[in-house]
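The form predicted alone is given below as one chain in structure tokens.
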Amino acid sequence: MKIPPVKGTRDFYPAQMARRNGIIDGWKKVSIRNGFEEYDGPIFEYLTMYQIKSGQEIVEQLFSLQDRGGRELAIRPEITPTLARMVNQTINSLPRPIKWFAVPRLCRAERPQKGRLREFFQWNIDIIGENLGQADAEVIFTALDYLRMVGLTSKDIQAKISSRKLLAAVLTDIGIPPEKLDSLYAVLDKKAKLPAEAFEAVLAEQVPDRNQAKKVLDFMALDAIGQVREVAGTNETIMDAVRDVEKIFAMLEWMGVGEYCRFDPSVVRGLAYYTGMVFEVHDIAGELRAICGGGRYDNLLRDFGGPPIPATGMGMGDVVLEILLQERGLLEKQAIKPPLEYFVTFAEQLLGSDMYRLAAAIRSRGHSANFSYRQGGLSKQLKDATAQGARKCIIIGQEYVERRQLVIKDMATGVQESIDVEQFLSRLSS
């Protein structure tokens, strides 16, 4: 009986693994050069951690289990709660700002579809202990820094930036009661996912007053932060939020990624814990889910029993990213395929044991080496060397028997040289 992989998961054969390693190594490289330190946590946590952050409805979206002691656990669907727990445990000993990143493997029990699987990898970066807009801008910049590095331009992607603080101020000014804001955020977050008429119908259920609903729609249709200034009037709460957003855009311009960014008040992010800047990066055509998204979440650590510490961050999954890179012809360029440095061959059967000894000696000195399992002639071994992409082929032949010398062939140029075996190994060691 053939057993297929579980729906919504992936098998990583060597070619796919090379691409996965390339993406993850790129995430790590960009994180480190932007000043972030790596962390990780357990693959399962207490179920209540995710309920604290997202409510009871999260239980249907993750894989939960009960251990032998009857404790309710869950395989992590995200790593932010783990981050909050870890920071809270050691908050007094951590220098601030805390700039951490992680690349966890995550699982969510949802219906697989394009751009969304049950198991995936996600790049998370977070800055904790800094409430200035510079931290928000740096999170956005770091995401764009990676996307630029892999070859995506402002003609391919766009960072859509908004603010929960601004949205709350505008909605309150329109006349929406503060206690209704959280439920309204979840509705507004659907704007880009629904046809206009369907969205307006859903909005009408939350905002039955037509005049108020029109003002909400008018605000969400703005495409420049300056336009908010024009309609804000004398509302200082709105203007304060506008100035915060303008500072973020100014810094992104200074850092050279302004062309990638635009103000888009329709970006809401459905989760209730966002408190300030929110953003998503999308493909220009708008055919895919968000490549990444995040924002400011100043209350999360407090919700997990810690002190009220400001924080901001983002997450980027590998599934949508792979689709976009594939469509742009950039995916294969990410593949990490470490070259084979040496392929060891022998010209005569009696030298087979020397082949194993030499290959082992090369490997023990920190270099890659391989050989053919087939005990065939030299020509067949050379074909294996070519097939495996070896840079150089070492031939153990008559010169080795007579003078302890190896013949080293450069597989790209065909040039051969003879070298004493001890001199060769000494050169590898140095």
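When you see a residue number, it is the position in the sequence shown, counting from 1. Keep in mind the model is a prediction, meaning the values are calculated, not measured.
What comes next is about the form predicted in complex with a small molecule, which does not appear here.
- Note on the partner interface in the predicted complex: the residue among 146, 343, 263, 297 having a heavy atom within 4.5 angstroms of the small molecule is 297.
- Note on the partner interface in the predicted complex: the residue among 212, 206, 275, 122 having a heavy atom within 4.5 angstroms of the small molecule is 122.
- Stretch-level contact check against the small molecule in the predicted complex with heavy atoms at 4.5 Å: of 328-336, 220-228, 237-245, 109-117, the positive one is 109-117.
- Under a 4.5 angstroms non-hydrogen atom cutoff, the small molecule in the predicted complex has residue 291 among its neighbouring residues.
- Among residues of the shown chain, residue 174 is not one whose heavy atoms approach the small molecule to within 4.5 Å in the predicted complex.
- Shown alone here, residue 315 lies within 4.5 Å of the small molecule in the predicted complex, counting heavy atoms only.
- Heavy atoms of residue 347 never reach within 4.5 Å of the small molecule in the predicted complex, leaving it off the interface.
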